[in-house]
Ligand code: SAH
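In the block that follows, a single chain appears as structure tokens, in the form predicted on its own.
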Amino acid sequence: MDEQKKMPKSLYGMKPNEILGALGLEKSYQAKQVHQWLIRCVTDFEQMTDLPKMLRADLDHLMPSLTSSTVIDSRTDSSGATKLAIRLHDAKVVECVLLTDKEERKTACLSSQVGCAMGCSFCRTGTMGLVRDLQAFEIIEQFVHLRRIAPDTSHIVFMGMGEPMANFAEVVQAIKYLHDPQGFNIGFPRITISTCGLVPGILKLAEINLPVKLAVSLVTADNGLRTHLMPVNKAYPLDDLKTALLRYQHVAGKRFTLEYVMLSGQNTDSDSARRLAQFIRGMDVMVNLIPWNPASELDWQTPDAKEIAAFTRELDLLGVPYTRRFSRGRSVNGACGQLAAANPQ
């Protein structure tokens, strides 16, 4: 039992040489074998059949579980979206989602925090407040749990619970591990970080020049309304956000996405369209229009087809480039803005 207490909470996030030391292995190639089995998302040492049987038994005694977290609930809707509730090593609960698009491409939507401190008024996660940051291995393990369901999961978005830029170091560490060609080999262009607009994080991303995709939750280009909807705008108003985005684009040299959650009667009129067109001037962006996904705790309305059509006509006239997102996972509360979990105090 004392030996078990010395074990790390998880082997995920470790390089082979770190696994070698953590498990007390005598041969470096055995650590590489363990690492490769972890990438295959096996559930225990017994499945690592190229390791000696006695060693497998010893390792299983030392570390009965290869992950620090456990799936406690799984729900799938008609779109093929699957939401997992995952209990962490300290009994806190986080959610992640597997999304399947029309081309059958599978994307892991990962959380970076338990809860969220940003308090966006249209987001269910914001009602939780911030419980704590996730460590890199806890982020990686979400991907592992989803990969066990769908081994062909090829894309990652940090659009789950929490603000990735508020947990920058752990998120970047997880991304580098998931990208490693000797590991999961998820290409940087297949990874997206989404932020509500934390300017220091955007500038830091530009500074390290990590070639992932960037998505920014804009919601409105009206400073007053954005402050009402998104408290982050008090600290980083639209002018500061645009300056940071221009800096990021100068360094990254590529298009980014502005997420625009459409709230009925709030940000879908002609004035909102004109403000949006003015905000994106001088930037290479794509606006992602997202009809608000209902949450029982929140008193907003999803715009109907007529309201959305009128708004998109205005955007067309103004030359605003946009796409329409068709929500997946809504019926299991797994769509954008719907993630939340009850956590012990």
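Note that the coordinates shown come from a computational prediction; the quantities given were computed from them, not determined experimentally. In case it trips you up, residue 1 is the first one in the sequence shown, and so on.
A second form of this protein, the form predicted in complex with S-adenosyl-L-homocysteine (SAH), is not displayed here; the remarks below concern that form.
Legend entry - Residues F122, M159 and V261 all lining S-adenosyl-L-homocysteine (SAH) in the predicted complex, heavy atom within 4.5 Å: All three within 4.5 Å in the predicted complex.
Legend entry - in the predicted complex, the one of S272, T82, S194, N167 near S-adenosyl-L-homocysteine (SAH) [non-hydrogen atom within 4.5 angstroms]: By the 4.5 Å criterion, the partner-contacting residue is S194.
Inset, instruction - May I ask you to choose, among F45, W292, F311, F279, the residue with a heavy atom within 4.5 Å of S-adenosyl-L-homocysteine (SAH) in the predicted complex? - result: Going through each option in turn, the one that passes is W292.
Legend entry - Partner contact for N267 in the predicted complex: S-adenosyl-L-homocysteine (SAH), 4.5 angstroms, heavy atom: Result no; N267 lies far from S-adenosyl-L-homocysteine (SAH) in the predicted complex.
Inset, instruction - Using a 4.5 Å heavy atom cut-off, state whether E163 contacts S-adenosyl-L-homocysteine (SAH) in the predicted complex. - result: Close contact exists here: in the predicted complex, E163 approaches S-adenosyl-L-homocysteine (SAH) to within 4.5 Å, heavy atoms only.
Inset, instruction - Flag S217 as yes or no: does it have a non-hydrogen atom within 4.5 angstroms of any non-hydrogen atom of S-adenosyl-L-homocysteine (SAH) in the predicted complex? - result: Answer yes; at least one heavy atom of S217 falls within 4.5 Å of S-adenosyl-L-homocysteine (SAH) in the predicted complex.
Inset, instruction - Choose from 311 to 319, 62 to 70, 283 to 291, 47 to 55 the stretch whose residues reach within 4.5 Å of S-adenosyl-L-homocysteine (SAH) in the predicted complex, heavy atoms counted. - result: Comparing against S-adenosyl-L-homocysteine (SAH) in the predicted complex, the contact stretch is 283 to 291.
Legend entry - Heavy atom contacts to S-adenosyl-L-homocysteine (SAH) in the predicted complex at 4.5 Å, residues of 105 to 119 in sequence order: Going through 105 to 119 in order - heavy atoms within 4.5 Å of S-adenosyl-L-homocysteine (SAH) in the predicted complex - there are no hits.
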